[in-house]
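Here's a solo chain for you in structure tokens, the form predicted alone.
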């Protein structure tokens, strides 16, 4: 069995990843499971840099396990790909998901639907027991709605409509969202890489 430690204190991410990687051959561990406390400051200028910073911080304590860290950014075309790497703190330090969504909708007020294109991008950093590092990507194109819709999911889910969907991520049941999400694509690519690396 592959033990994968998710380098995040975000319960939503942990639950989502466990749903995505649901397999008898994979066991997803939390930071609490390995006794890792505290948050890691994300000081990178790209999603890949932040994912690697988080993975490296946890790797030393995750003996015998693969460390899996991700960073996700929402890239809005009209805003020159912002908020991007600053997605989690778009509305400022200690902001809530609601704060970020309100700011985004305010910046896009009056912008026509055809100009509200966006891309959700996830970079997964994987560090193996021997210290080898790899990164994997997943992305989903879509658009930003005119208002928040739905009460499931987290982050920008209430305002993001995946391409060819009439529902936001937040209007989808977890199984439906996981079947097409950016995080799912990145996680699947990472799992393929892990299996190749470990010959399983």
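Residue numbers count along the first chain shown, from 1. Note that the structure is a prediction, hence the values are computed from the model and not measured.
Keep in mind that the form predicted in complex with inosinic acid is missing from the display, and what follows is about it.
Student: Applying a 4.5 Å heavy atom distance criterion, does residue 155 contact inosinic acid in the model of the complex?
Tutor: Heavy-atom contact with inosinic acid at 4.5 Å: present for residue 155.
Student: Could you confirm whether residue 88 comes within 4.5 Å of inosinic acid in the model of the complex, counting heavy atoms only?
Tutor: Because a heavy atom of residue 88 falls inside 4.5 Å of inosinic acid in the model of the complex, the answer is yes.
Student: If we define contact as a non-hydrogen atom of the residue within 4.5 angstroms of the partner, is residue 18 a contact of inosinic acid in the model of the complex?
Tutor: Looking in the model of the complex, residue contacts with inosinic acid do not include residue 18, since no heavy atom lies within 4.5 Å.
Student: Find out whether any non-hydrogen atom of residue 185 is located within 4.5 angstroms of inosinic acid in the model of the complex, and reply yes or no.
Tutor: No, residue 185 is distant from the partner.
Student: With inosinic acid left out here, work out from 141-149, 23-31, 127-135, 65-73 which stretch has heavy atoms within 4.5 Å of it in the model of the complex.
Tutor: It is the stretch 65-73.
Student: Do all of 13, 97 and 177 end up near inosinic acid in the model of the complex, with near meaning a heavy atom within 4.5 Å?
Tutor: Yes, the whole candidate spot contacts inosinic acid.
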